[in-house]
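What follows is one chain in structure tokens, specifically the form predicted on its own.
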């Protein structure tokens, strides 16, 4: 049994899941399931939103402990699902650890969603939420335009590796300025409040809030609080950007 490869496979699976939006308890569960196939006496893992730790120990081997820092994170539920499937197939004996590790390497290098899809999603989400909040057809069209511009700008800022919080402040500020432009200076939008609320929805940290709740309910209080703090700071960043843009014209 190549227990070192099993250990590498478990860490790689956890890293991919953590980088792509999986809950902390799910990452720990996946790592532990893979490590337990060694049948060793000690199998431990500890995962936070920014890193993971794992230990494998047994009287027959020298103890192995590894820490892996996970910096940049994004959202790609497709990768999480694929890693989950690979881990379950390996644990149930359907595939070998060599095949599991190879498939994980392929999953790790999968391209993220294309820039075009991201931009289109920004526009569609902004426009649809504007209607949900009571916007008119003109507001729908205005939010669609602003959402598409927001998507282009937000992705451009990400490509420059600018801090997410700074990105959110500037992006939401741009939403406020464009909303004022399209409602006060161009005869297109009618309700600036609805347009702004709809257009900032793509920036709202829904996944961070959901993961914070799920981690907390699973008893992982440290990760739950960390994700809740992340969501709170993002929300504050969005509010600051909107407040600055509105204050430039209305105060």
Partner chain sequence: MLSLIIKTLASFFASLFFAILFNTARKELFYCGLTGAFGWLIYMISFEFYPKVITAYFFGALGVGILSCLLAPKRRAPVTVFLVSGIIPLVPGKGMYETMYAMLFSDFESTFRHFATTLQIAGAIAIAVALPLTFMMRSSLRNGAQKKIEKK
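Small disclaimer: the values here were computed from a predicted structure and weren't measured. Numbering follows the first chain given and starts at 1.
FYI, the form predicted together with the partner chain isn't displayed, but the following is about it.
Trainee: Tell me, which of 156, 133, 98, 165 has a heavy atom within 4.5 angstroms of the partner chain in the predicted complex?
Mentor: Checked against the cut-off, the match is 133.
Trainee: Is it the case in the predicted complex that 77, 84 and 112 each bring at least one heavy atom within 4.5 Å of the partner chain?
Mentor: Per the other structure, all of 77, 84 and 112 touch the partner chain.
Trainee: Tell me, yes or no, whether residue 58 is in contact with the partner chain in the predicted complex, where a contact means a heavy atom of each within 4.5 Å.
Mentor: No - in the predicted complex, heavy atoms of residue 58 and the partner chain never come within 4.5 Å of each other.
Trainee: Applying a 4.5 Å heavy atom distance criterion, does residue 50 contact the partner chain in the predicted complex?
Mentor: Residue 50 lies outside the contact set for the partner chain.
Trainee: Residue 210: heavy atom within 4.5 Å of the partner chain in the predicted complex?
Mentor: Residue 210: yes, in contact with the partner chain in the predicted complex.
Trainee: With a 4.5 Å heavy atom cut-off, would you call residue 92 a contact of the partner chain in the predicted complex?
Mentor: The answer is yes: residue 92 has a heavy atom within 4.5 Å of the partner chain.
Trainee: Which single stretch, out of 181 to 189, 210 to 218, 41 to 49, 64 to 72, brings residue heavy atoms within 4.5 Å of the partner chain in the predicted complex?
Mentor: It is the stretch 210 to 218.
Trainee: Heavy atom within 4.5 Å of the partner chain in the predicted complex: which residues of 32 to 57 qualify?
Mentor: The one in contact is 33.
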